[in-house]
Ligand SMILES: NC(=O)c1ccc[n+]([C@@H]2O[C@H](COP(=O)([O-])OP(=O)(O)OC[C@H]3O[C@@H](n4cnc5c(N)ncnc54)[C@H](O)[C@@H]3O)[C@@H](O)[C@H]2O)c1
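Below you'll find only one chain, the form predicted on its own, shown as structure tokens.
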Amino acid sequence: MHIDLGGKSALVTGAARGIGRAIAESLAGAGANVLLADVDGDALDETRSAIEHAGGIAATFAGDLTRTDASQQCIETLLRRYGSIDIVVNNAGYTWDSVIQKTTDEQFQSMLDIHVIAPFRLLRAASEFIRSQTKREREEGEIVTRKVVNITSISGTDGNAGQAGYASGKAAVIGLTKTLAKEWGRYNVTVNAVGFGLIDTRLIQPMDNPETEITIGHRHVHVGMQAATREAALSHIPLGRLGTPQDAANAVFFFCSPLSDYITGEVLICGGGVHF
């Protein structure tokens, strides 16, 4: 079955690499016009170039979405470039792990800022367009279904030792998802979440890999997993392998497509059957 998203305008946050890039490429490959948002401008440009080389349409918004004004600027960029908001994928995020006695206030707050406050601000910024546009469409006898997909994790649904901040942020976005599904059903917007298990990105690479140090503002944060922990976790995945970014993107794409037009307020776990 071919899914045609031609004419749709999509925002994907955390789109420079990994899962976000795979999501953006999938949407663009189906014909959507995609705004790529990420803090890493150079990587964003590489992703945009790859999408355009494949025949897709993409633009970029380089900025830190945890800044108070960034969400509004991002939505304004989307509307200025494409004139509509049809799909929003809140994918941006990272891990900053510690057991609770070693977790600082800054560390905990940073996890909430990126995983739930940034999505909240983006959706709030989008709400004026969505409400007014839906009213206009109904007056013209047109029904348009819009899509929001928030990203959570099995850390948010099941908890995970060493991830008090990350798990709290990912649990909170589930509450946001279910609430917006109830508020925005009247505007014909489906709001769902995809929870990832162990997807093979830099967030779960062995910690001796140089890519596991990332720069967020003035901070240098070590992500990744201990090699032994990674191997042990792999043994608990019923499907017997780590997920790929494309596996993750496929689950998100389902919620962005017409196949899910009568599904809202749900959390789909894409984790190969694993539970912590």
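Because the structure is predicted, anything quoted here is derived from the model rather than measured. Note that residue numbering follows the sequence shown and begins at 1.
The same protein has a further form, the form predicted together with the ligand, not shown here; the description that follows concerns it.
In the predicted bound form, the ligand sits beyond 4.5 Å of every heavy atom of A10. When the ligand is considered in the predicted bound form, E46 lies well away from it, no heavy atom lying within 4.5 Å. Contact check for R81: every heavy atom lies farther than 4.5 Å from the ligand in the predicted bound form.
Using a 4.5 Å cutoff between non-hydrogen atoms, G93 counts as a contact of the ligand in the predicted bound form. Checking 48 to 56, 231 to 239, 24 to 32, 61 to 69 against the ligand in the predicted bound form, the stretch whose residues place heavy atoms within 4.5 Å of it is 61 to 69. Within 4.5 Å of the ligand in the predicted bound form, a heavy atom is found for all three of D40, I114 and I151. Think of it this way: in the predicted bound form, the ligand has a heavy atom of just one of A167, V189, L122, L203 within 4.5 Å, and the residue is L203.
Of all the residues from 14 to 32, those having a non-hydrogen atom no more than 4.5 Å from the ligand in the predicted bound form are G14, A16, R17, G18, I19, G20.
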